[in-house]
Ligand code: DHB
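Okay, here we've got a single chain as structure tokens, the form predicted alone, with questions on binding and movement later.
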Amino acid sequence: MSISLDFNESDYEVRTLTLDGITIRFRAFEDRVYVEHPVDAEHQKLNLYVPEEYYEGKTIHGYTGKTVPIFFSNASGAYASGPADRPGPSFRLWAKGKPNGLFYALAAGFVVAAPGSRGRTVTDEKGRFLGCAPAHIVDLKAAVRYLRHNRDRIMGDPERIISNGTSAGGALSALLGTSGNSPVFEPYLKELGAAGERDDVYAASCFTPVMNLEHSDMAYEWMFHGVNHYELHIVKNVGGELLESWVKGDMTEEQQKESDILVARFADYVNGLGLKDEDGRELTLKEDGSGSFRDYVTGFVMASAQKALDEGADLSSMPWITVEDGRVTSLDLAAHARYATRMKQLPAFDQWDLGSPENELFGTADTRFQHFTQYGKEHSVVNGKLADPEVVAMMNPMTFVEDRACRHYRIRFGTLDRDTSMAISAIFAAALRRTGVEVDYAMPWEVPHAGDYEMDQLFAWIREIC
């Protein structure tokens, strides 16, 4: 059975929703399967939402129904399956019941597309895994193609698609940005019956992207080297009740020695990238983790602290930050890491016992968990298999940076984010700038692992580039 990819314009509901003192009225077109041959119709679908004003012939911020950008926001986290989300209270624990980004985007006048996608947690009736890499990104590309296929049937400009996501979703947004129209995904898209359209996006908004996974263990040790105590705060929503627990401990002597090795390997990786800062200075590291790249990352944290200071923050309790005459003049990045605290023990991502979400991401239909680095495979305590390097590369936005499919990026990584190293996003920003694309990169002060904040600033950025 083949599903039609033609969008049914007459199948919708007009809804009114009030949250946070804001009322929006919009048309809801929901549960639209975006491939002809879905293997998981529960996730391979999208919801489309359009402010009702556009059907009344009105303009919002100068946009008509046909010129307004499409806010294309995925709901993936930890590389699990992402639902086709709806405007309303956020399901993210950090949002504390505030409206989600879809609601604010509609209130700001954008057309909103909320694609679902398969993730590592999906299985079929036979227990085979349907969401291992590269399923996530393939599905999102198919959803982009679906919007272009229906350019004459929907509101919004499919040449102004603004991708958005947080954490793994931020990585997927970055990957949509760099890998647009890459032929390596074509066999997967063709097998699903995706529309014969382009899948590049106009811009990518990336909150705390957990990406570049094959180098993340090294980057994490570079960031938290010498911080040997780890604390993971786990909060789960069970039946509407928030249950909290802690995982705490200290790294073993073996782990501490391995941390030294990974720091040195990270230096080799950074030095091989050929990165430069905005002034043309080469970004490099020594074996001990010091060097111009460390200074480069420190500069973003200092800029964040300066912005907080200018806005009235009191930094006097942070002795690792030097302030002179109202200016932040120096910052000890190692002391800042001790203040932030380590969340993950070594290895943070490609775990020796195959216990991480990323190990599951790189499984296969028949093998649930696999290693995705040679380092992880060499240290495996469960005789784990090694994932196909080509598949691992397909999930890394850095693989496609030189292709320059998308020319606008907005990347945010909070200074208290411990889910991955701040070096990962800093590398991505520097690599993008080297190709000549526009990058708005910052590290918001005292922000942990979170997304869909600073929405007014995000929407202003979208209007500026569109």
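Nothing here was measured: the structure is a model prediction, and the numbers come from that model. Start at 1 and count along the sequence shown; that's the residue number.
Although it is not shown, the form predicted in complex with the ligand is what the next lines describe.
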message: Can you confirm whether 167, 349 and 419, the three residues that make up this candidate site, all sit within 4.5 Å of the ligand in the predicted bound form, judged by heavy atoms?
response: yes
task: From the candidate stretches 288-296, 262-270, 147-155, 75-83, select the single one in contact with the ligand in the predicted bound form, where contact means a heavy atom within 4.5 Å.
output: 75-83
message: Taking the ligand as it sits in the predicted bound form, is residue 210 in contact with it (heavy atom to heavy atom, 4.5 Å or less)?
response: yes
message: Can you tell me if residue 199 lies within 4.5 angstroms of the ligand in the predicted bound form, counting non-hydrogen atoms only?
response: no
message: So in the predicted bound form, is the ligand close enough to residue 25 to count as touching (4.5 Å, heavy atoms)?
response: no
query: Would residue 344 count as a contact of the ligand in the predicted bound form, using a 4.5 angstroms cut-off between non-hydrogen atoms?
result: yes
